[in-house]
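Given as structure tokens, the chain that follows is alone and in the form predicted alone.
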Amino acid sequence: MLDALSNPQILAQLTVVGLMLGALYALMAIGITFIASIMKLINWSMGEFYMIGSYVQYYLIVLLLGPGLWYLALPVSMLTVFAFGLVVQRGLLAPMFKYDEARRFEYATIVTIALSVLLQNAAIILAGPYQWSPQEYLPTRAFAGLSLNGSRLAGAIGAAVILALFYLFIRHTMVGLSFLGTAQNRLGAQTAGIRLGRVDMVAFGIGAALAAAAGALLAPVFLVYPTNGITSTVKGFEIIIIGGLGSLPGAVVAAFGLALVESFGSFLISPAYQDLYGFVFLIAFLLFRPQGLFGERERRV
């Protein structure tokens, strides 16, 4: 197998596959990191927002738009989950923070884990414990001697566009800059007149929408079923630990790194252990750089 890597075409194929998957992993990881950096909590139900996004995408394509208009179903899926995220944040999380700001992390952990279980069971009741898949978004393409799966290629292009728009929104709009200010210093942002309650609500909705985008784009690849968000959530947390908790650039770099490790590991060892390679990659970082790629060491007295 190692000798095969001397073949430039095989090396290029594995690299391109890893990069395409990395763009999709980055959506989930940035969604988790964005919420964590602003609200200072971990949303353990991110996988279920991924799951809802995949279901909305599937039903829109099958019942309304058809596979040729999958790109129109994507923003609808994101907007649907964005609105649902606003309701969850305002109805479940925000009320608890009014009474004990210091324990928001513990409260959020309990509530989001309970929400995860609730949404999984609701999906089983409403859609059944079955696996579904929309038709391939694009046919398999051949480019420069490389064979590219159409749905993964479409997903990678869609993810790249969403990531670019997210970057422009965060860096070049007043609303985006208010998010960055809140992430750096919540008290300072509040002193400057930023309404933290509104920022938290919108940030939660945006993070949920990014997870939904990943679920929608990966619907033909990883199928649609009630627990399809579990694996993506695990990968998302692996990525944010490797990249450094709270670091958006770290989440992007780590997402591509994890995807490349999985791509080459599946070829060199076995695709049956694809999810294991991420854990090995994570353990290596915990041993040699526990703060992650872009994280900082914290000194406790």
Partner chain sequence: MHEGPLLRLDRVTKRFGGAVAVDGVTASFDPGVIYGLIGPNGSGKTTLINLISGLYEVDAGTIVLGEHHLEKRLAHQMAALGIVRTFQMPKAFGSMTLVENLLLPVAGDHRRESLSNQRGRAGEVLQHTGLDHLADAPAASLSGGQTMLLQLARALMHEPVRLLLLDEPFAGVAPAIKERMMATIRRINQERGAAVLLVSHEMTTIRALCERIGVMNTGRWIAEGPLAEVAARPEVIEAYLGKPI
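These figures come from a predicted structure and were not determined experimentally. Positions refer to the first chain, counted from 1.
Separately, the form predicted together with its partner chain exists; it is not shown, and the next lines address it.
Trainee: So if I measure heavy atom distances to its partner chain in the predicted complex, which of the stretches 208-216, 88-96, 181-189, 127-135 falls within 4.5 Å?
Mentor: Correct option: 181-189.
Trainee: Can you work out which of 113, 230, 223, 177 has a heavy atom no more than 4.5 Å from its partner chain in the predicted complex?
Mentor: Partner contact (heavy atom, 4.5 Å) among the options: 177.
Trainee: Here the chain is shown alone; which of 194, 148, 202, 163 has a heavy atom within 4.5 Å of its partner chain in the predicted complex?
Mentor: Looking at 194, 148, 202, 163 one by one, just 194 meets the 4.5 Å heavy-atom criterion.
Trainee: Answer with yes or no whether residue 171 is in contact with its partner chain in the predicted complex, where contact means some heavy atom within 4.5 Å.
Mentor: Yes, residue 171 lies within 4.5 Å of its partner chain in the predicted complex.
Trainee: Considering non-hydrogen atoms and a 4.5 Å limit, does its partner chain approach residue 198 in the predicted complex?
Mentor: Residue-level check for residue 198: yes, a contact with its partner chain.
Trainee: For the stretch 104-118, I need every residue with any heavy atom inside 4.5 Å of its partner chain in the predicted complex, listed N to C.
Mentor: None of them.
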